[in-house]
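One chain comes next, on its own, written out as structure tokens in the form predicted on its own.
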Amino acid sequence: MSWVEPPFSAVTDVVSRALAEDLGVFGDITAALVPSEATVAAILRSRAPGVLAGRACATEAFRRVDPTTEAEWVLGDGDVLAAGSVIGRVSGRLASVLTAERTALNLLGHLSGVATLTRRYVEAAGPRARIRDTRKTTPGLRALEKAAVRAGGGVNHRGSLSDGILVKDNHLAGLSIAEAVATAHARWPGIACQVECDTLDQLATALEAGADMVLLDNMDLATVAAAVAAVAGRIPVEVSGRVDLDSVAAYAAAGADLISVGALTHSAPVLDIGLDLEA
């Protein structure tokens, strides 16, 4: 398994649910009209430029419908696609390929869309800052979408609420920044405690409290630059909010180490990928 691929258990779970949704009670009653002995070879092809992600899901969709179906990949997750790029080939029983086709393409298209948008942010930011995802993911698809972010060159935020500590403004309705950091360090000394800061005053408090990271939320460029200067390289600085493809380079230039973008997973357009039967 390559480093960009999601856990196999996540792949099998999502594909199983997607096929159950698509097959309904009686299965593919249209494909049932096709003679059982009919076989086919088909090409998976990108119809638009982008970045590939989701191969494991497509492979599992074809395999789950019919273990005799063979999927051979020309390109891998993270590879750049041109319009018309051949991604891979599928061969097997025609009825089986047709039944699995939409599930395979839905997952390939969505995950490749996430990888494609991530790559655009990574390239726009340049080498100064890493692009990070958020927990604003499609319910049930988080592991797959985060793998797609990695395929696009981004890095992952915590995968679940148990993976890391992020003290946000709503947490501060019940405790102070100093209390939150001290309690986090006492209870989970091996886990970094990150504090979200909306103002420079909150940043100063977080630094004094011993926060391991800070998240500068919805700050303008001048304030981000001032915050980075105040941190002076002591801990990593992440920026979120107000960031889009037009502004990400400026936030990177302001000194952010990480730039988190919810749009990577909640607003990525689907990449158009098709399956063409060979003559």
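For every residue, the number given is its place in the sequence shown, counted from 1. No experiment lies behind these values; they were computed from the predicted model shown.
The same protein also exists as the form predicted in complex with a further copy of the same chain; that form is not shown, yet it is the one meant from here on.
Of the residues given (Ala226, Ala41, Leu245, Ala31), Ala31 alone sits with a heavy atom within 4.5 Å of a further copy of the same chain in the model of the complex.
Of the candidates Leu75, Leu175, Leu200, Ala124, Leu175 is the one whose heavy atoms come within 4.5 Å of a further copy of the same chain in the model of the complex; the others do not. Proximity to a further copy of the same chain in the model of the complex holds for all of Leu23, Gly164 and Arg187, with the criterion being a heavy atom within 4.5 Å. Heavy atoms within 4.5 Å of a further copy of the same chain in the model of the complex belong, among the stretches 114-122, 167-175, 202-210, 79-87, to residues of 167-175. At the 4.5 Å threshold, heavy atoms of Arg135 reach a further copy of the same chain in the model of the complex.
For Val65, a non-hydrogen atom is located within 4.5 Å of a further copy of the same chain in the model of the complex, even though that partner is not displayed. In the model of the complex, a further copy of the same chain lies within 4.5 Å of some heavy atom of Pro269. Mapping the unseen interface onto this chain, Asn156 counts among the residues with a heavy atom inside 4.5 Å of a further copy of the same chain in the model of the complex. Counting a residue when any of its non-hydrogen atoms is within 4.5 Å of a further copy of the same chain in the model of the complex, the hits in 86-112 run Leu94, Leu98, Thr99, Glu101, Arg102, Asn106, Leu107.
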